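Single chain ahead, by itself, as structure tokens, in the form predicted on its own.
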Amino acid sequence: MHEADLIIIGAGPAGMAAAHTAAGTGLSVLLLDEQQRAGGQIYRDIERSSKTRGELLGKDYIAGLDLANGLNHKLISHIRGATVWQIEDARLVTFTVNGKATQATGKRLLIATGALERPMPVPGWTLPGVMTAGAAQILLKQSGIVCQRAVLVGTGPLLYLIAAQMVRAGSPPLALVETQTYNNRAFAMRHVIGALRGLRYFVKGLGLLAEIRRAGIKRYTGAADICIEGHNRAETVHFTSRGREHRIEAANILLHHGVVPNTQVTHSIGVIHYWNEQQRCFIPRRDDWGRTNLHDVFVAGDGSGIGGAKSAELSGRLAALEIACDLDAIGNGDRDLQATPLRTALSGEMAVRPFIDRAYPPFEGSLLPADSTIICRCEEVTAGDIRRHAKLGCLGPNQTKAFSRSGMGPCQGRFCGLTVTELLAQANHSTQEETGYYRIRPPLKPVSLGELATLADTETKEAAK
């Protein structure tokens, strides 16, 4: 049994920053991360990044190295390759490392599980050769592999970043097929004044677009009716843009229309969530310090609402300060003194979000796909199946499990959950909040009988001491 003042789940920017801040106040920290190296998705593999790869990925990526180095603290125990699959009584965490299950208990729990790339179900998205743009970026960050003859499809600033990174790596995408419209941009302009506080993001975005233009990459905007075609693998992407049909041959189709909080852990332990209409997802309800309705449980980073790497880092530090104050490691005055500049910086970082959320909304054709489109890849459930369930009286996602096993595959609803909520809400003429989300139960990840047996052995040994 591991024991610590603070248990943190996730070693992305929020988790790393929180661990360093908490340890700096004298708290013992247990940092559990599913990856073998710290960094999360945004700073993936930062600890062993070469100078060349750093140049390809950009200076924002290299900024994560200081956070990773901050984990070298005597009060931080960083367990790598730890798969958390159950949390009981808010502070008892069960996890597996190298096939052996064990448990940890802490006085406070900080969930920093980050974000998931929003699935983009379109006809043909299950064909080999189709992946998320984020998955392609993981290949580049972790293995130095660049997708060849690729087309980027969807919306959001991440598409520009990945396109620029592919250009620098010598394998530019064939085209960018973007779903945002002129009306989206016009609506976003209402928020441009506030967004100017985050001017560096505009400068960065313009720089990325300049790289893309210099590389001669064709951009299509206002794309609709997106369909991926092929026999045994993806061969072409078909779509309409500005009233004209287009078909582009490609070896790889990279899909992306935003990211959403990874709420599997928070849902599983009873944290209250609310529906964010602008980001079209459920978000844990928490206070300004990250504390949830469960007094000992905090949430920080993109898992508490999408804000980006720097915002995640700042929210992790704020949560750690409040936890340190809770546990009498620092006083209220010291906490507030350290928090003030963090809050100012966080406000500046978040100022650009209303503009981004409105300029690059999720693709409506994937939020509410056509009947024939598969939405639950694990169990091959289509959007039409969910609509038929609604006609039979199905009101919420949990009932769809009984009708079709949607959400019961290996991903446990991570990729179909929001789509099922959207489809049922539309079919039943209700709101997404009324419709709700899957009820998440442990194990949060697949667990073998052998792992359960090792946990029993551990408990027996602990009892014998």
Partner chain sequence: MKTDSEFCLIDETSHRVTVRFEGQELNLREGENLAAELLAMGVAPFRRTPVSGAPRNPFCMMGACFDCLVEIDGATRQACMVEVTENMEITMPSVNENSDA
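Positions refer to the first chain, counted from 1. The structure presented is a predicted model; accordingly, all values stated were derived computationally and were not measured.
Absent from the display: the form predicted in complex with its partner chain. The rest refers to it.
Although the partner is absent here, I248 sits far enough away that none of its heavy atoms falls within 4.5 Å of its partner chain in the model of the complex. Proximity of R48 to its partner chain in the model of the complex: non-hydrogen atoms within 4.5 Å are present. Residue contact with its partner chain in the model of the complex: T340 places no heavy atom within 4.5 Å of it. Interface membership of R37, defined by any non-hydrogen atom within 4.5 Å of its partner chain in the model of the complex, is confirmed.
Just one listed stretch, out of 357-365, 298-306, 104-112, 373-381, contacts its partner chain in the model of the complex at the 4.5 Å heavy atom level, and that stretch is 373-381. Not one of G58, V192 and L199 places a heavy atom within 4.5 Å of its partner chain in the model of the complex. For the options L346, V130, V151, A163, the residue carrying a heavy atom within 4.5 angstroms of its partner chain in the model of the complex is V130. Residues are counted as partner-facing when one of their heavy atoms sits within 4.5 Å of its partner chain in the model of the complex; in 133-168 these are A135, I138, L139, L140, Q142, S143, G144, I145, V146, C147, Q148, R149, in sequence order.
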